[in-house]
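Take a look at this single chain in structure tokens; it is the form predicted alone.
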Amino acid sequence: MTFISIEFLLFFAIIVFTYYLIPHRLRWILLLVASYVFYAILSIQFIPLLLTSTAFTYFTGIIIEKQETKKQKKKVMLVGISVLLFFLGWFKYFNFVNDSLRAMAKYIDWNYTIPYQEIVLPLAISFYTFQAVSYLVDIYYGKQKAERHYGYFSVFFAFFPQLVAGPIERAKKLLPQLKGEHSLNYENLNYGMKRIAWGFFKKTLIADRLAPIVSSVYDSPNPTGSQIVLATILFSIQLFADFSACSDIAIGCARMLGINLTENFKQPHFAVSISDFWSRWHITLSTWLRDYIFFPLCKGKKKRSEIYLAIVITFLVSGIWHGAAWTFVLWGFIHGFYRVFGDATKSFRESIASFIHLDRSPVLHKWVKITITFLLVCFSRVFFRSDTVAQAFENAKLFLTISSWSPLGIVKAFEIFPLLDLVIFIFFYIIVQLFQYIERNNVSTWKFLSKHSIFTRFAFYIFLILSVLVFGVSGNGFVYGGF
């Protein structure tokens, strides 16, 4: 039962109906049962791990708060974080480290006998581990009081709309909302359903239509350079549509329960720099890395070289969080390099723009920066999408080859699309771009629509639903659900 299923919609409809039917004091029980049922349907074998992590984090938070000195609090916090990261490390990174050591041992002719372990990655462990770590750190710094109500804390830890793929929420935002009494509100129901429908639209009509096209190129033994260029750009579109759709559905579901989750995307492909990109892409992860990795690394640091090193380390953590493979490490390093290079050359680039009079045309200058940023992001995603380091470097070489960008080659590369699929994709992609254009000019497309007649609004809503039912395709879950 994934988000994109009739079963989930029926499941959630029952939850919403019951939620507003029962007294407030019983709602946490409903949400907790719903969260565990949802998780069990997807990954029942890891319910014990989820329960263990929840209990451990709950009691560790209380113990941290009860310590009298800062030093004692820090010791307990570090032990708590170490245990949580051990769980994550064992399930997600053991074989990555083990395989890397085996390869290194083979290279230096050293006898290494630890075999490969059949370890299944627990669903959502990367997300709920980061959420748990931030909870413990916030208690240590006095930003968050340890939650005493075990039921509410358990709901915070496993809240089903955002458990599988975020947004990664902080306790100080989510816990008070879970405790608050929410009455049935038409605006919340209306907005929530629209966000869910929009998530279905992007997932089934953009992301899942592009997924097999991208795979056909990246799984091919001999793709052409132009095919790699096209497939990589399409993968960037697919990844955004897929992940933002998941966030849309999570935010929509939570809103229907009266809970506001953090927006996770702000049109990242219209960013004017890498720094701007990361303020728009997976925002809750970016702010988590900033607050719990980058800021601590920078504490007491004044030299620019030290700050730059902290930036690179932070992006390496981002890379390894995304996946246990050297391709993700390289992806993180590339973004760290982008960020450092961008800061170090900012004055020089501004002088170049001034010299060629590009800065005299703000609109043109902006679109040049958007284009360059998007292409830089696309290049990094060659490593994100490739299965091995060798394949990644081969694909990166093709991506950077000038002949790969020839107009005729790109046009020929579109042959990877069946004609009907291409027409359907272009049509619905234009709809998404119109939606984003309205947002860039009117803040919210939904508010923009609300100013029009009821006939116009309902025509658009019916169009969304019918498009999903008639032309939508469903893949194998969300990309970030595997992290």
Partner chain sequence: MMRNIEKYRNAFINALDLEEDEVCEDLALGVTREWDSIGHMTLISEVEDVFDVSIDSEWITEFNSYQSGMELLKRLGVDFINE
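In this text, all values refer to a predicted model and were calculated from it rather than measured experimentally. Positions refer to the first chain, counted from 1.
Quick note: we don't show the form predicted together with its partner chain, though the next part is all about it.
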Answer key, its partner chain contact in the predicted bound form at 4.5 Å (heavy atoms) among R304, R360, K106, K71: the residue is R304
Position in contact with its partner chain when the complex is considered in the predicted bound form, options K92, R339, K202, R209, heavy atoms within 4.5 Å: R339
Looking at the partner-bound form in the predicted bound form, is D99 within 4.5 Å of its partner chain by any heavy atom? no
Any of the heavy atoms of C298 lying within 4.5 Å of its partner chain in the predicted bound form? yes
Its partner chain contact at H182 in the predicted bound form, heavy atom, 4.5 Å: no
I'd like to know if D343 sits close to its partner chain in the predicted bound form, meaning any non-hydrogen atom pair within 4.5 angstroms. yes
Within 4.5 Å, heavy atoms only, one stretch in 245-253, 345-353, 156-164, 183-191 touches its partner chain in the predicted bound form. Which? 345-353
Counting only non-hydrogen atoms and a 4.5 Å cut-off, give the residues of 363-397 close to its partner chain in the predicted bound form. none
